[in-house]
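Next up is one chain by itself, shown in structure tokens, the form predicted on its own.
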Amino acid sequence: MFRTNTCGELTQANINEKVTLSGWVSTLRDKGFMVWIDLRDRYGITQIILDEDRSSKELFETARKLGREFVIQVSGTVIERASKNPNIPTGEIEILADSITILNESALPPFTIDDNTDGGEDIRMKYRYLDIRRNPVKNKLIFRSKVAQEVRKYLDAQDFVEVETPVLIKSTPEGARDFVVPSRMNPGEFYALPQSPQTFKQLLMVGGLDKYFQIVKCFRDEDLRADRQPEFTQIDCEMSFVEQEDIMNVFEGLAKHLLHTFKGLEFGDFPRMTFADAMRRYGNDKPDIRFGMEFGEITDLAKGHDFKIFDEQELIVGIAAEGCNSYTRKDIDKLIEWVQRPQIAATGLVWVRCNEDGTYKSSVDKFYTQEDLAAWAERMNAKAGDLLLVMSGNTNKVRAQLSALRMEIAERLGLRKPDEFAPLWVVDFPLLEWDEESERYHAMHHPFTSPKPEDMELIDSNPGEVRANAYDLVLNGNEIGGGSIRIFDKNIQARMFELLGFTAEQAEAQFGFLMNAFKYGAPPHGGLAFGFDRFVSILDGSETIRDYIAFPKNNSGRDVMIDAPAAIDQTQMDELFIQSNVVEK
């Protein structure tokens, strides 16, 4: 036995006990007549002590051979610690060592393995296995594990069946790019890694399993934006003989269970907002409602005053930044520079100060009276001391730009508090969105999303106005889950493929297996998938999913620890009947 106890469990109740511990040397202090070793494992730190009155010369010699991160085994007696440390659970005791065995030596680590490390992110990612020894990383992975267990407990109590679906599947053209895998046994043909188990969970419903879930890896070969990973984890779920309300109730229950279990919070019914209202009030379909700054549309108030920048635009809209009247011109100029960055691409920003004496000072005073500006302030629910920030342009574009500015202002004002939680359902999404470049419709969610029954009559005459039987669960400005009632009628599914630009032959080639399954008694069904990585990080007070993934990729999609992706041997290429046309640099 390498240990009788862990390094995080011994207390004064164990004094005078003979114990054996194993772990890593965190620190070593040598005063000549006395040596202290902080021994660390997953569970904590225990102080080991040697002194010249009670420890042998040989033991001192062994101790002085130790370096940081050496793996050792220590046997000894639990004694009361002379100088207690109230900051750790084992701070009242220490181990008077009888023996020390070096189990494995360690090279000098490339960074300090401590809560406050001196290692930058790049070096820590390269040596991720060392980074995991640090409490901030270790504790996040343990937290992730505990959330997963609670998910399973909740869904099991709801009679869900956990089913694994294939990882090598067929490539489909919708959504992001697939990762593809060549098949040696089928030359010239390829598998794809699943972006989600969508079609398989629908087939499980046809198979009669009724309630399915899995905590599953998904893959998307897309350009990585902030805090995205090419492989990520979903809590994937599907139910039969249900309507939208049934699904939302079950998974609102799961969210409430996790928020109560890990944060001690109780919630009533989650608020709901239509997609149209979310876009009008916040400029995006996943609004952070922990704070106000709702949009105020002033197009009718601001046009017709000879201000060309406004008169020529489709939408004029603004927000009231609370208490920001104190911003200097330099501060405001920096905001203008911020919205003009390529990421936001706004042409400019109009500002209005709401002064304490009830007057207004604006960058467009030349064109608007005090009464005009007061009307703007009323639309934006502004009060004295606030700063109005107004943008104009194409409706969709300017809403996205102002939404980004709203989030930036909230960040600067400290309104996005990680210990506050504001869940929200967003419903009634458009079924389809028109793509100008390809001149065809794309599915807002995916091709298997059912139209609202009351909108079915529009599917031929005005497909762009059809609403989807779809719903997203938003938490603190992040979409943590989304789903829909599925199409289970083969004729409606065929019409959906037609709207998306598939020929009958293409639909059969890509999804014939699903259409064929629908011939054999497909039940009404629907589901939802939570973004597990995102949900875990928000629960733990963070918005960075990378910290909760054991071995994440960097922003270029590379695993710098194992140096992947990498070229493969020509023999393997020949076996797979593929060749590379990449020109060597």
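One rule holds for the numbers: they count along the sequence shown, beginning at 1. Here the structure is a predicted model, which means the values were calculated and not measured.
Here the subject shifts to the form predicted together with a small molecule, a form of this protein not shown in this document.
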item: Contact label in the model of the complex: Leu539 to the small molecule, heavy atom within 4.5 Å; value: no
item: 4.5 Å heavy atom contact, Ser196 to the small molecule in the model of the complex; value: yes
item: Gln234, heavy atom within 4.5 angstroms of the small molecule in the model of the complex; value: yes
item: Distance check, Pro430 to the small molecule in the model of the complex, heavy atom within 4.5 Å; value: no
item: Contact residue in the model of the complex, from Arg134, His446, Arg281, Lys452 (heavy atom within 4.5 Å of the small molecule); value: His446
item: Option touching the small molecule, based on a heavy atom within 4.5 Å in the model of the complex, out of Ala529, Leu59, Ile45, Leu28; value: Ala529
item: Whether Lys201, Arg220 and Arg486 all lie within 4.5 angstroms of the small molecule in the model of the complex by heavy atom; value: yes
item: The small molecule in the model of the complex: contacting segment from 478 to 486, 148 to 156, 327 to 335, 344 to 352, heavy atom within 4.5 Å; value: 478 to 486
